[in-house]
Every structure is written in structure tokens, then in C-alpha cells.
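Have a look below at one chain only, the form predicted on its own, in C-alpha cells format.
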Amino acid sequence: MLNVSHLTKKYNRFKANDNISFIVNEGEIAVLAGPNGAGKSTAIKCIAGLLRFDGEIEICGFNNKSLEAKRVLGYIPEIPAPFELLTVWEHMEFIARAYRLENWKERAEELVRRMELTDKKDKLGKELSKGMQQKISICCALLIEPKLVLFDEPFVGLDPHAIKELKAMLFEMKEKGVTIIISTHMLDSVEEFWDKVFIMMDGRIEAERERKAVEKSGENLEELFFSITEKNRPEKEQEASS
């Protein structure tokens, strides 16, 4: 379970995240949605422990920067950054050694196969396309069988097969009680499986909705998104776009 309480992240005087709080429970797939610059990626990086911030973040009851939290956290960044001089398989081995995993090879083989990297196992990270590098990020993050997974624009750059496999993996993790956070502005990519959505603008959460409530109202995720973001856009900006 993820508990974010009063998260604030400042860059000098600019607040990228402005006192945001939310909870995502076990087995829930939550979406951080919002236009570019809303603060989604900053929030994800704070949760992952990559940025300093004010407030509190707990992962499975542990402070997010503790070793206990890091052991159960998987993070797939928006821009993949594999080790240039490690092969695909050496990435798997590196993660297994870093997390002291046992009996990891069979799971690694399965992940590599599902991401269609089997014939690329001996390729160096720097030799792969961005899409292939994204697949490595996914394999590395999921190898540890995390209890919380953070995805920052996970479908960008993936081919149709990889998108299909990743969606299947999301359903499988949800069934196992894994908590999943997806930061995206590609709402159609998450329409079929989200449970909870947090719509962000200007560093704040402007709306929080659960899937059942949205479906009961007759709206869909995209309609909800635009009803919130258009309403909260500055009047001058709305006039300029009309």
C-alpha cells in the first residue's frame, strides 16, 4: 500500500508538487493523469526516492527511502537509462545480485521472452532502440516481484505486442495484490483497467475518482479528465485556444 501525505516539492520558488496527499491500496491500479507540466513525473520520482521533498511517503508501512521500502519497489522511468556496456541478460543478473534474489533465472527468462528480448540477450544496452531499452526497464523492475510498481508513461515507445504483454502483466500483478501507479496523459492506454484516478494540474490534485463512481455517473475517464482540466484552465488560456 502507498500513502502519500502532504507531498511538496519546490524548485527554488516554483512548487512542482503542492501539498498533495493520496492513498492507493493493495491490488489497486491508480492513474496520475494531467497535462504536461502538471507535476506527475515529479510525484513519481519523489515516491521512488529520487528527489528530496517535504511531507511523508510510506510504502507498505515503511518510509519510502528506507531499505525495506526499496526492496519492494519497482520503478520504470519515462526515459529508460540502461547501462550502456551491460547486455540485456547482464542487466537481469545485476538486479538479481543487487537484490540478492534466489532462483531468479526462470523468472528472468520469462520476462525477457514476454518482452521479445530473447534474441537480444547478448546485445549491449547502448545498441538497443529506445523501445528495447524500455523493455529492459520493465524486466528489471518486475524481476524482483515488487509490491509497489511505479510506471511513468510506460507505453511510450513500445510496439503493439509489448503493450499487449505489459497490460496482461498489469492484470496479473493486480490479481496478486500488487499496488500499481501509472503516470500518463495517454488515457486510452489505461481505460480498460484503472481503479482510481488522480487528476493533477499545476502541481495539485484537482480531483480524485474511483472507477465505480465514474461509470455510475455515465462518464468515461477521458470525459472526466477534460471536464476537470478545462474547468481549471486560466480564462485567457481557454480564450486563446478557442
Ligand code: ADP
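As the structure is a prediction and not an experimental result, all values here were calculated from the model. Throughout, we count residues from 1 along the sequence that is shown.
Keep in mind that the form predicted together with this ligand is not shown, yet the notes after this line are about it.
Figure note: of the listed segments 174-182, 33-41, 63-71, 207-215, the one touching this ligand in the model of the complex, with heavy atoms no more than 4.5 Å away, is 33-41. Taking non-hydrogen atoms only, residue 226 never approaches this ligand to within 4.5 angstroms in the model of the complex. A residue is said to contact a partner when one of its heavy atoms sits within 4.5 Å of a partner heavy atom; residue 221 fails this definition for this ligand in the model of the complex, lying far away. Taking the partner from elsewhere, residue 16 is found to have a heavy atom lying within 4.5 Å of this ligand in the model of the complex.
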